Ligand SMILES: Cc1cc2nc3c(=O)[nH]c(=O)nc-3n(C[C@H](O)[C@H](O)[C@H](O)COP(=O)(O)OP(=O)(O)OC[C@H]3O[C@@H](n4cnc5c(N)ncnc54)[C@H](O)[C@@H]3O)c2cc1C
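Take a look at this single chain in structure tokens; it is the form predicted alone.
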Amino acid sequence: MALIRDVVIIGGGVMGSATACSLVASGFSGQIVVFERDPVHQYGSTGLSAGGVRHQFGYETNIRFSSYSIRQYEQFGELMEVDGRRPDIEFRQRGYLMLVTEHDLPRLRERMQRQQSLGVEVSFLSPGAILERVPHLDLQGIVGAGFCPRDGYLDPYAVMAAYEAKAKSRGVQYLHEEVVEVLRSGGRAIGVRTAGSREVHAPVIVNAAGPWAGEVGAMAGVEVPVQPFRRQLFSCIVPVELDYPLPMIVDPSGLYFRSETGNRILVGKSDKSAPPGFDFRTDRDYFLDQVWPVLAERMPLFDRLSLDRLWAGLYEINHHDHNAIIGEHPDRKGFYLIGAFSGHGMMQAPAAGKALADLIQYGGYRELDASPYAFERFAAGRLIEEETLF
């Protein structure tokens, strides 16, 4: 006999758990079940991410979603307290330093004006001001940077775990089973079936499967334009202990790096030549040939370091415009998506979860308008233009 629930969420990463937690926090009284097939999140994108969080986007809705999310992260321990215990997500607001060349300077200033008009505390730093913050940088070719002191980085796994613990404390059920079918009737999604032949029926099915969102969409008989792409991160031990913490530094080449605990730095640079696929292999040669030379050129102190650890995770790339998709699928009533963030999901998870929760509970958006992220934008040609993706 099938279980009857009000909401089924497929995927217990940060998006699925943020949605569940937002629902119960807003007083939703229905029964919610989250299916997560990987109980230790070994391959989930959340725990494998760099944890960067920034306001500095160009598209207005992205800025609004990041602003809301950062306000949530600033008080996350209090919001996610359970039985007197407050989680520590290690949110280090050391800023994002977005380095620019002369060629990119006009676009940076345009983005900054938009950010400032929406209340973001972003400022332009001259090369001299940059070196006051990070004296070891080589600024050859750099004419300035955008900097927001409330940006920074956090522990993404801790965020996800806190959401899950809070949701469970409010009655949300987590089942570690693999969903293999989305049940349908009369054009609607009405439930799911698991590999263990469990059936759960619900009027709302949420696809929060991250890089697997396309596969879950196929289970529901609809297209979800999401593909998985491998992205690697590298933890390196630096030769000399810096007497200042690094912000998240973003180079025009796409390289980014920041401080990590234990006299380490965390470094990433997307390999745009990587084909789509569920590929978790690591490539030391990519670091040696494509990452380290760029890093050492930008910060010569790092021409001597040791690669301590490397790992690969997956970006869930929306191949239409590389931005989020949130909302009900137009061709499958009752089937919702929260995903396709293409690398900036952790930055916007609190806002995305809140927006989708409101849509499910009230039938429309309240505090946050996620309608620009709807599926319908693709057919209508309303693609999101966002430059600050890397």
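Because the structure is predicted, anything quoted here is derived from the model rather than measured. One-based numbering along the sequence shown.
Separately, the form predicted together with the named molecule exists; it is not shown, and the next lines address it.
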Quick one: does residue 199 come within 4.5 Å of the named molecule in the predicted bound form, counting heavy atoms only?
-> no
May I ask you to state whether residue 360 is within 4.5 Å of the named molecule in the predicted bound form, using heavy atom distances?
-> no
Does the named molecule get within 4.5 angstroms of any non-hydrogen atom of residue 178 in the predicted bound form?
-> yes
Should residue 20 be counted as a contact of the named molecule in the predicted bound form, where contact means heavy atoms within 4.5 Å?
-> no
Even though the named molecule is not shown here, does it sit in the predicted bound form so that 14, 51 and 209 each have a heavy atom within 4.5 Å?
-> yes
Segment assignment from 361-369, 342-350, 22-30, 319-327: heavy atom within 4.5 Å of the named molecule in the predicted bound form | 342-350
Of 246, 219, 162, 236, the one that lies within 4.5 Å of the named molecule in the predicted bound form (heavy atoms) = 219
Only hit among 147, 315, 257, 76 for heavy atom within 4.5 Å of the named molecule in the predicted bound form is 315
Within 16-50, which residues come within 4.5 Å of the named molecule in the predicted bound form, counting heavy atoms only?
-> 16, 35, 36, 37, 38, 41, 44, 45, 46, 48, 49, 50
